[in-house]
Ligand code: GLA
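Presented below, as structure tokens, is a lone chain in the form predicted alone.
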């Protein structure tokens, strides 16, 4: 079942709607502002909301952090805010420090009001047109995102079609805390990532092109461990990333595959992430400043985590990193699934 309510208006007077999709296991709310996941409530046995969010449009419009938003055209960072495609260099908006482009630019998909394309019994489809040279990216790009609920699984499907070669690397930027969004204990959650390699980054979080074997290092999540266990390590990449803010390399080969699991020992909520993307970014919220969240909650740095499915960061500038570009008139499709269960057994 899907219910639609007016969530509020932007500072420019545009109406923003909330779509709530319910099953016996989950209740998920999606906003037309930023195609944003505003809440994921795991119903059983005691309801718990496991994503950070806000109660009003103004907070989404003015706060940084991309809470729950769909990011694009390109998620993550582009070095020096430029890339070359078909012999033409495109200069992008600089919105990450004084040099780089992050999550699509100053506005990007995350700060647009999306159009309602279709509402079904258990899904919604939102759409937008990203025009040629918007934020510096070439070609007119039609984008759709489908959010659907099947029992305990929330699926996010991305569709794209452009009239020219361009960049398209979308993701969802939800911050998770499986203990509950209003606690500060998200880093006590256990995490397991199905990856042996991470893309090494410099101090500006730009990949060097080197893939680092994580086995036996503080970056190793090949078996369940608390996020907090090694987050203050003196390991050089932990220091560069201020905790975890790096891309783990997956071997999905374009097929929907399990890439990560997270578990709360407090609530028993187990989240399983499936994707057909080649990478997943683990970000532990170092840059998320203290702020007011939903239902009077206060959010603080280093108390939640993101698992952003994507192609490798800065792939547009690294010939060894594939998948950031799409061809004119060739449909793009990608899918990520977040599954939720309540269990005492995670082995």
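Numbering follows the first chain given and starts at 1. Just so it is clear, the model here is predicted, and its values are computed rather than measured.
Same protein, other form: the form predicted in complex with alpha-D-galactopyranose (GLA), not shown, and the subject of what follows.
Using a 4.5 Å cutoff between non-hydrogen atoms, residue 245 counts as a contact of alpha-D-galactopyranose (GLA) in the predicted complex.
Taking the partner from the other structure, alpha-D-galactopyranose (GLA) in the predicted complex has no heavy atom within 4.5 Å of any heavy atom of residue 312. Within 4.5 Å of any heavy atom of alpha-D-galactopyranose (GLA) in the predicted complex lies no heavy atom of residue 158. When alpha-D-galactopyranose (GLA) is considered in the predicted complex, residue 101 lies well away from it, no heavy atom lying within 4.5 Å. You can rule out all but one of 43 to 51, 64 to 72, 22 to 30, 318 to 326: in the predicted complex, only 64 to 72 has residues with a heavy atom within 4.5 Å of alpha-D-galactopyranose (GLA). Taking the partner from elsewhere, no residue among 262, 274 and 340 has a non-hydrogen atom within 4.5 angstroms of alpha-D-galactopyranose (GLA) in the predicted complex. Here is the short version: of 205, 270, 154, 193, the single residue with a heavy atom within 4.5 Å of alpha-D-galactopyranose (GLA) in the predicted complex is 205.
Out of the listed residues 175, 147, 83, 168, 175 is the one that sits within 4.5 Å of alpha-D-galactopyranose (GLA) in the predicted complex by at least one heavy atom. Within 4.5 angstroms of alpha-D-galactopyranose (GLA) in the predicted complex, the stretch 279 to 318 places a non-hydrogen atom from each of 281, 283, 287, 308, taken in sequence order.
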